[in-house]
Each structure stands twice: as C-alpha cells, then as structure tokens.
Ligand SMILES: CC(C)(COP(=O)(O)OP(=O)(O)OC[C@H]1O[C@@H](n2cnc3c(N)ncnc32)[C@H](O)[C@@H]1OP(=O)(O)O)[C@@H](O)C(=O)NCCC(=O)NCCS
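Taking the form predicted alone, here's one chain by itself in structure tokens.
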Amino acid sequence: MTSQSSSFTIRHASPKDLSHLSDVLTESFYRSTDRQGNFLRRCLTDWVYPLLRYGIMLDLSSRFNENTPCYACLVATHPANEFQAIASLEICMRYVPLKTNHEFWLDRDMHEHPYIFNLAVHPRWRRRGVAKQLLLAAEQTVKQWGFSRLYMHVLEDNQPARSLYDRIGYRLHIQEGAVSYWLLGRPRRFLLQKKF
C-alpha cells in the first residue's frame, strides 16, 4: 500500500526504516519542543537520548519480526528524501471495552479491535497535514483487514491532537484516569473511536 498526496508519501514501513523511525519516536515523545522548559530535564534527556532511541529501535524490531496478521507500521516520507521517515503510526489489535462512558462500570465486556498507537510526527514536520494523511491511510488498512471501527487514546490536554481527531471523525468512547486526575492532577486519557 502506497498513497501519495501533493506533498507526502504514505507506505508500510520496512526494516530499513528502523533507524529513522526510532529518531521520529524518540524526538516526538522524549524531547521537549519548549526551549524555555526545565534546563536540567533537557540535559538529562540529551544524556539518555541514545539509550531511549536504542530501546525504541529494539521494540520496533521485535514487532516487525512477529509476523502478526493484524499489525501495520505506516510511515510518511517527503519527496525531498523518499528514504527518510518523517512520521509514523502503528496499528495492532487491542482489547477495548464495548460499553460507552455511562455504561462502563456496569459491565467490562472487552473485544479486540484495531487500535492506533505511536502516532508521531518529527517536530520539524508538524502542522503540515502529515498526521491526517497517516490516519486516513490507517483507516484504509483497517478496512482491508475487514473491520469497521478504529480506536486510539489521546490525553485530555493535547488540544492540537484532539482537534485533528475530531475533525476527521473520531469520537469519545470512554474517559479514563479520573482517579489520577483528581488525586495527582494528571491529564485524563480519552479512548476515541471512529466508525466507518
């Protein structure tokens, strides 16, 4: 599967992409784009960055080698360098509760459904539509697998991501983390669902 728009190519990842994918994920999840942030935290992150990157590479490599039928890692590239991944997402099967927010505590009936995780866009390529293209390509992959629903989590305080997901049709399925929100002030996690 390869889809191309005016600016990005979306394709299935290969083992050759591991190094670039590790960079994208490490930069996205462990490096702060806030240059005014905590200096000590930035220094510590810079120091452990190679270890974090190596761990991510091993984790990705193990998933690539599992040969699971309903697993996919999609990458986005730019025509300027078609061999360098600038964004990615992964899809797997994960157990999710069937009940919505209001019914969640009444019955914990769980079923396996396609689930998006590790959606990451390298900081230099954000706000250009690449995440949207990856999500739409993920929907096509899931349809090819024969499913009509797709799930993902987003943190309550991640407004840019929530806005994007809402625009392309993801809706709140379950709100999680109320206890950690009230006791520790941590943002809640929203389990989103899209039906197609």
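Keep in mind that this is a model prediction, so the values were computed, not measured. Just count from 1 along the sequence shown to find any residue number.
Omitted from view is the form predicted together with the named molecule, to which the following refers.
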item: The named molecule in the predicted bound form reached by all of Ile10, His12 and Ala72, non-hydrogen atom within 4.5 Å; value: no
item: Contact residue in the predicted bound form, chosen from Arg53, His153, Arg42, Arg63 - any heavy atom within 4.5 Å of the named molecule; value: His153
item: Close approach of Ser163 to the named molecule in the predicted bound form, 4.5 Å, heavy atom; value: yes
item: Phe29, heavy atom within 4.5 angstroms of the named molecule in the predicted bound form; value: yes
item: 4.5 Å heavy atom contact, Arg149 to the named molecule in the predicted bound form; value: no
item: The named molecule contact at Ala120 in the predicted bound form, heavy atom, 4.5 Å; value: yes
item: The named molecule in the predicted bound form: contacting segment from 141-149, 128-136, 43-51, 64-72, heavy atom within 4.5 Å; value: 128-136
